[in-house]
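We begin with a single chain expressed as structure tokens, specifically the form predicted alone.
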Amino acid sequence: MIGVVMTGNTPYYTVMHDAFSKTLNSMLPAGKKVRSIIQKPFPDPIALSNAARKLIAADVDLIVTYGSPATLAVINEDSGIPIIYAGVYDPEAIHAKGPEITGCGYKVHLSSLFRHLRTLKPIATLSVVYSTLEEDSVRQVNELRALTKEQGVGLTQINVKSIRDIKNIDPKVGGDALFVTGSAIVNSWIDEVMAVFKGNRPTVVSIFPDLAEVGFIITLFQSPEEQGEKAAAMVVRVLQGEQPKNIKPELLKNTELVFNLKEARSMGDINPINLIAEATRVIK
């Protein structure tokens, strides 16, 4: 029996889990069946810890986690149950290590995303939507702060911890562009976030794909399907008796650059030539 803790009801992790389930079922030996208990708590530390404790109490054989907050919550319980993580941003930074822990994470070069954005249009002020409830989201803000300071661009931080915070956002703080971090909280409420800026729309970029089709202009992301498939392969190895400590963690670096040319043109953004040439996919 496998326990699953997903960091919120986030489309990125939902796609990841779908790929995980499909791959796991295809790789299991004939006659071998796996049952799953899935937890999708609100991604605050208390709710995530409670979800982890429920799985431990259910005596699952292995726990799969999606996203840094879920992974940290399960690791902190120190249950001795094998943990396979996926969708963790820069896992080295959160010290996702231990004899019972392995998995696959990713790292997106924010400098590349910022460079692509600046080839599209001049940027005087960049706003970033993040959540202080999620450590990896805060680290992304810190990376952006260093980048913008270096290049003389203003940075406005928009902290979202609840739906009330979204309702209190001033639409004028969108600046020239809006960066959406890999925050589960923000991406769970991305429709509501985008609605705030409906009448004063900045150019929106993100390290998550625009699965909800809300109008991101540039996305630079690591494939959620690949992470799900990698995690499934690791789970099969553990179910076959291999120790997690003997399965090397993987940091997936291949990214996809998607440019929404149709949306960019509707907003009047300029100079898309370089982006069209460099993008993995162009939405026309």
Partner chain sequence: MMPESMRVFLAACRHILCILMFVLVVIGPSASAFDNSGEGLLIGVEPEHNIFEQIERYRILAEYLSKELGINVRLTVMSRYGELLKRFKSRRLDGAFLSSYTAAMAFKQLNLEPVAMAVNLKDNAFSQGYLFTRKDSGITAAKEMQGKSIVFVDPATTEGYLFPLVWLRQNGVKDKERYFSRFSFSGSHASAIFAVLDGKADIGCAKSTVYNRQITKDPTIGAELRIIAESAAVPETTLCLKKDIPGEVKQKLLAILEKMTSTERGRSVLHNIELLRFVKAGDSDFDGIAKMIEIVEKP
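Positions refer to the first chain, counted from 1. Predicted model only: the values in this text are computed from it and were never measured.
The next section is about a form of this same protein that is not shown, the form predicted in complex with its partner chain.
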| query | finding |
| --- | --- |
| Partner proximity in the model of the complex: residue 246 to its partner chain, non-hydrogen atom cutoff 4.5 Å | no |
| Its partner chain contact in the model of the complex: residue 34, any heavy atom under 4.5 Å | no |
| Partner contact for residue 93 in the model of the complex: its partner chain, 4.5 angstroms, heavy atom | no |
| Contact test in the model of the complex: residue 225 vs its partner chain, heavy atoms, 4.5 Å | yes |
| Among 123-131, 157-165, 193-201, 108-116, the region lying within 4.5 Å of its partner chain in the model of the complex by heavy atom distance | 108-116 |
| Within 4.5 Å of its partner chain in the model of the complex, all of 254, 274 and 282 (non-hydrogen atom) | yes |
| Residue among 48, 220, 234, 63 with a heavy atom within 4.5 Å of its partner chain in the model of the complex | 220 |
